[in-house]
Every structure is written in structure tokens, then in C-alpha cells.
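Take a look at this one chain, the form predicted on its own, written out in C-alpha cells.
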């Protein structure tokens, strides 16, 4: 079974969330972002190159133009390879664990696997980033003291609004048991 919903991120961009249910104990959530906008790419490139041309006319040094082109290309490659995420996937297998995969605009993929026995709880965390933003996090148990938290792992990019993955039904699905029972088991 599969369903798809559309949301907007905190900046107003469109996000698509696909939910795939392979079996009662195996589900996948896939969050897709729009591709890089040619308009924004052109605007940034023109701004950098116009500023470089302005400096060139003042200094009459052609190294400034060469440096602007070089910096623009390196910046674009860095942005595509390390920052711009096109798709994020969360695969949950109840008895095994949670696999998180991020696909970047350059084609790079980053995958993280968390064993289900290490999961203490899943919560909506809030952070202040010029305004309050909310994002889904997995709390991992401390191996020495199981009642303590050892690490907080963000799920999906922080610009996602709370309604994308933060309702009780989805938290229940991550644990595979009713929400109240999941809270009791996590403690």
C-alpha cells in the first residue's frame, strides 16, 4: 500500500512525502524535495560575477574575474555534494531497526542504520534558527545506563514542518505498538 501527501517546508518550498507499507512490520517513508532551481542558480552566479566585474573595473586585475569563476564553481559543487538533499528515506523494520538514507543533488548517498534495540524514543525536537523550527529525532539509549539518552539523531532535514512526520500515528508505526505502550517500553 502506498500513499503520498504534499507539504511545505519552513521556507514555503514544496515537499512530497510517500508512505509505502510493505508488510505490517516493514514501512518506508520517502521525503522528496524539489530539484535545484535554475532561477536561483542564475541569480547567485550573476550576483557573484557582477560583484567581481565591479571590483575588476576598480582594480583592473584580471585575477579577480578568474577567482570569481573558480569560487562560484567550487561553491556550486560543494553545495550540490554536501548540502542540497533531493530525497530522504526512512525504512523501518520492526524487529531489525531503522535505516535512514539521504540522496544529495550530486548523486552522493549517505546511509545510517540504527538497531531497534538502541532506540529509546522518537520525539519532536525544537530548535531556534531565526525562528522556532521543529524536527523529528530518534533518541538512542546509553549502553551503560539504559534509562539515559546517549545520542539524538535527527530524522529528515530540519526544515521539515511538524506535520510531515510528527503525528501520533507515525510515532506508533515506528515502534509497531500503540503510542502509550511505546512510551512505556521506551522508559
Partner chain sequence: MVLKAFFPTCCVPVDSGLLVGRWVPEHSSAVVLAVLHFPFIPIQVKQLLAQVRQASQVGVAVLGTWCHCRQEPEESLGRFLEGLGAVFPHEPWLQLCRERGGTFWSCEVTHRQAPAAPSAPGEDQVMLIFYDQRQVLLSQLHPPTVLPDRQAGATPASTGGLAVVFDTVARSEVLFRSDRFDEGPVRLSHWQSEGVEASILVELARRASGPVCLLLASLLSLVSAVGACRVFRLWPLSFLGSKLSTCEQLRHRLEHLTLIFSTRKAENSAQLMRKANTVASVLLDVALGLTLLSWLHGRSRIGHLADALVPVADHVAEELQHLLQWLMGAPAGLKMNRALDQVLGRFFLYHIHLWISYIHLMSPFVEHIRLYCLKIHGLSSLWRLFRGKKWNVLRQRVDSCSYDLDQLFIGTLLFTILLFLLPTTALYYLVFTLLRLLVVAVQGLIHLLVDLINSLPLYSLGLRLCRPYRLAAGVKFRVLQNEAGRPLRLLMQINPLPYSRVMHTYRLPSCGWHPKDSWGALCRKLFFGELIYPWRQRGDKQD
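Numbering follows the first chain given and starts at 1. Worth saying up front: this structure is predicted, and the values here are computed from it rather than measured.
Not pictured, yet referred to below: the form predicted together with the partner chain.
*Asks:* Of 22-30, 124-132, 36-44, 65-73, which is the one stretch near the partner chain in the predicted bound form, taking non-hydrogen atoms within 4.5 angstroms as near?
*Replies:* Among the candidates, contact is made by 22-30.
*Asks:* May I ask whether 91, 94 and 113 each come within 4.5 Å of the partner chain in the predicted bound form, counting any non-hydrogen atom?
*Replies:* Per the other structure, all of 91, 94 and 113 touch the partner chain.
*Asks:* Answer with yes or no whether residue 99 is in contact with the partner chain in the predicted bound form, where contact means some heavy atom within 4.5 Å.
*Replies:* Close contact exists here: in the predicted bound form, residue 99 approaches the partner chain to within 4.5 Å, heavy atoms only.
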